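Only one chain comes next, encoded as structure tokens, the form predicted alone.
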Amino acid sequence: MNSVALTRWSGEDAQRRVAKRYAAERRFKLLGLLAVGISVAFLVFLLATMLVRGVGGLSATFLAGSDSTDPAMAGVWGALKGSFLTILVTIGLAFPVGVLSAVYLEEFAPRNRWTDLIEVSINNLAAVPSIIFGLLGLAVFLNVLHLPRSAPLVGGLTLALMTMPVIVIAGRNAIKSVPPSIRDAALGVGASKMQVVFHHVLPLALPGILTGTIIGMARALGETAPLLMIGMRAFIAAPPQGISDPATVLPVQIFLWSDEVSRGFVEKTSAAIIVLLVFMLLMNGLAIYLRNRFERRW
């Protein structure tokens, strides 16, 4: 009788338990809504502050000009072009190497102590501070390989080293999420291991891989410390014509302007932040479009 009474849902005790559960659910939803509201409020405050301070600095001269000691003539075109060239080098190296590394580790590599060591090393590299990669770029690319200083080539190589572990980890997780039944079905109809991976597994894992790439590229686009270490803080009066020309990037340009004594650079700094945010939104929007374009259902 006692066990029957405990499972009965018509008594007052049962109704109180149900009411308590619903109350806890409402409190949790309210807490989540509050967290989202705080995040959106901070974002709106940031955007509103930057718009109020920097909208007056947005002009044709500002968007088409390069760095200058005169705040009235200073512009972001040189830094914007440098950022674009640097990101092109970064994604051109980090994406294929990261994806192929993820495919090999997840589909072809034997399970032994060496692959375990590689996996631990990749996970640790993803958590290394970015300035360490700047020191690595300074030591290897500039002091050993003698590549051109303050060039998008060196900046892209340095950011590729920083971004690659993120792409590898995201790629492995995306490949793991593909159901084993798809592999078994492809092998059952006579497909080779390479055909299974590149014709079936990789296309299905591509949206998840692109998500990791978006996160890595967004992080690389906003980095300053590693680029400062390789000399991309120099005064560049002319936009770069190629990946080996001296250049700077938008985050470094914003950092340099924020350190200027002249009050005229305050407005330029806010305007440059607006340009950087728009540039990041456009790049992320393009990446999200490509991810949705290649997404497949199973």
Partner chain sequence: MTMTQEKQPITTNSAVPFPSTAIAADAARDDAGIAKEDAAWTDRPEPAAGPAPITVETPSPEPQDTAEPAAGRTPKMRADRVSVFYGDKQALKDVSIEVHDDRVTAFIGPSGCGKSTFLRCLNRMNDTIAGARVAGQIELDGHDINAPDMDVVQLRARVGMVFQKPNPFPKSIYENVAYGPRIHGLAQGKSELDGIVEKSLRRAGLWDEVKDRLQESGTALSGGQQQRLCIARAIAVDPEVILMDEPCSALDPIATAKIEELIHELRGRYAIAIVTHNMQQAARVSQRTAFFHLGELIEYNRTSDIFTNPREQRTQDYITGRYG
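Residue numbers count along the first chain shown, from 1. Small disclaimer: the values here were computed from a predicted structure and weren't measured.
Just so you know, the form predicted in complex with the partner chain exists too; it's not on screen, but the next bit is about it.
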From the list Val140, Ala191, Val89, Ala126, which entry has a heavy atom within 4.5 Å of the partner chain in the predicted complex?
Ala191
Of these, Ala225, Leu204, Leu136, Ile215, which has a heavy atom no more than 4.5 Å from the partner chain in the predicted complex?
Leu204
Partner-proximal stretch of 127-135, 113-121, 89-97, 178-186 relative to the partner chain in the predicted complex, 4.5 angstroms, heavy atom
178-186
Applying a 4.5 Å heavy atom distance criterion, does His199 contact the partner chain in the predicted complex?
yes
